[in-house]
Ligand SMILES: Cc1ncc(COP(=O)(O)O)c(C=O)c1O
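One chain comes next, on its own, written as structure tokens: the form predicted on its own.
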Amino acid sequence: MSSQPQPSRRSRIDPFIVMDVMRAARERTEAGREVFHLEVGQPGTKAPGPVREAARRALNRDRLGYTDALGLPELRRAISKNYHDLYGVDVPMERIAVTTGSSAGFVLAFLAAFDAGGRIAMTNPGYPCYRQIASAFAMEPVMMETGPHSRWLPVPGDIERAAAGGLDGVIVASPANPTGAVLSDQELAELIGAARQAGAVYISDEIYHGLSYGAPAGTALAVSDDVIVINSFSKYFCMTGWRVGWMVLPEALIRPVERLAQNLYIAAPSLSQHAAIAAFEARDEMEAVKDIYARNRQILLNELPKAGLTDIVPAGGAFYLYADISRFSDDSLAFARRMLDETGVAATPGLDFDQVNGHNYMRFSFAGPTEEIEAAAERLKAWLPGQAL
């Protein structure tokens, strides 16, 4: 009999494919070959100056020990003030939990709000880690199919249909990954209302807030106090590797989340928390970075159709374009590998986000330097016409 440990059933989840693409791109770089990074969902710039300066000060003055499980009071107060200043919504700091990135926020939300066997509605395409976290916790992802017919956004009827088999939760991102779709305030209110009618907890993923290219995305907290909101310093504030985010919780879930955080994480990284307090001082710097994303977005919207990618979600927010590649391939994973090998352009196959139709799509990130976006577009214009089926 083998003494080797056997993986648990809960570990049998799909990989996060974008991480595999990142590894392949890194290996190509290490081999001395050129790579254009349109795969990764992270900014191509440093954390803002006030954040880096706050981190230096904290290193010099603070022993950086454990913080409260819900986070530094100063940071929670700063987040509370941000809701008042930005949205005109009053959120008591007591309802705010600082987390180890939004990823920990999703874990804590699912564990605090749902039992094993719970059914959670989510969009398809959508952020793949929702369904993988749910599956690892023996919960059931219930997919709500979206597409061009609904501007890649769910509608109340999708929640009603999902609720036919019983429904415990709904999670929706706005702006969304991979499509960049943004809910209007009315659409957001209607979805929250549909979830309430179904007896389901509504979780609003707002990690791309601040990154909209038309009307700004509204927060679910302007609609209801009974929702869970998850946000992060990773995207707008360019702090992906700092691993610090936050949740806003209904009162009934504050203590359950605190107990879970105490036992699972102890606390979010202390240095990152001290630094994040200063992030809200850096909005001018961040708006300048967003202007770069807007230029990059327009470059791809102008240039990718010239390469033959004419069916592209226009992306009202985040920093992605979701493009139909069906005239070139019906296997987005193989297409991504071939594209990286033959052009050096790294992008993420739609299969990461959609197990039904994702074989026909690719996600292109425009969060990197403008010159890299321009060079990638030129490579694709030279390569794609020869790939048509």
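Residue positions are given as counts along the sequence shown, with the first one as 1. Note that the coordinates shown come from a computational prediction; the quantities given were computed from them, not determined experimentally.
Heads up, the form predicted together with the ligand isn't pictured, but that's what we're talking about next.
Visitor: Would you check whether the ligand, in the predicted bound form, lies within 4.5 angstroms of a non-hydrogen atom from each of 213, 296 and 364?
Guide: Not one of the three qualifies.
Visitor: Going by heavy atoms within 4.5 Å, which of 117-125, 213-221, 248-256, 229-237 lines up against the ligand in the predicted bound form?
Guide: The contacting stretch here is 229-237.
Visitor: Do residue 207 and the ligand come within 4.5 Å of each other in the predicted bound form, heavy atoms counted?
Guide: Yes, residue 207 lies within 4.5 Å of the ligand in the predicted bound form.
Visitor: I'd like to check something about residue 179: if you look in the predicted bound form, is any of its heavy atoms closer than or equal to 4.5 Å to a heavy atom of the ligand?
Guide: Residue 179 lies outside the contact set for the ligand.
Visitor: Would residue 103 count as a contact of the ligand in the predicted bound form, using a 4.5 angstroms cut-off between non-hydrogen atoms?
Guide: The answer is yes: residue 103 has a heavy atom within 4.5 Å of the ligand.
Visitor: Do residue 243 and the ligand share at least one heavy atom pair within 4.5 Å in the predicted bound form?
Guide: Close contact exists here: in the predicted bound form, residue 243 approaches the ligand to within 4.5 Å, heavy atoms only.
Visitor: If you check 170, 109, 276, 173 against the ligand in the predicted bound form, which one has a heavy atom within 4.5 Å?
Guide: Flagged contact: 173.
Visitor: Quick one: of 83, 152, 280, 130, which gets a non-hydrogen atom within 4.5 angstroms of the ligand in the predicted bound form?
Guide: Contact with the ligand in the predicted bound form is made by 130 alone.
Visitor: Along 312-329, which positions have a non-hydrogen atom within 4.5 Å of the ligand in the predicted bound form?
Guide: Sequence-ordered list has one entry, 320.
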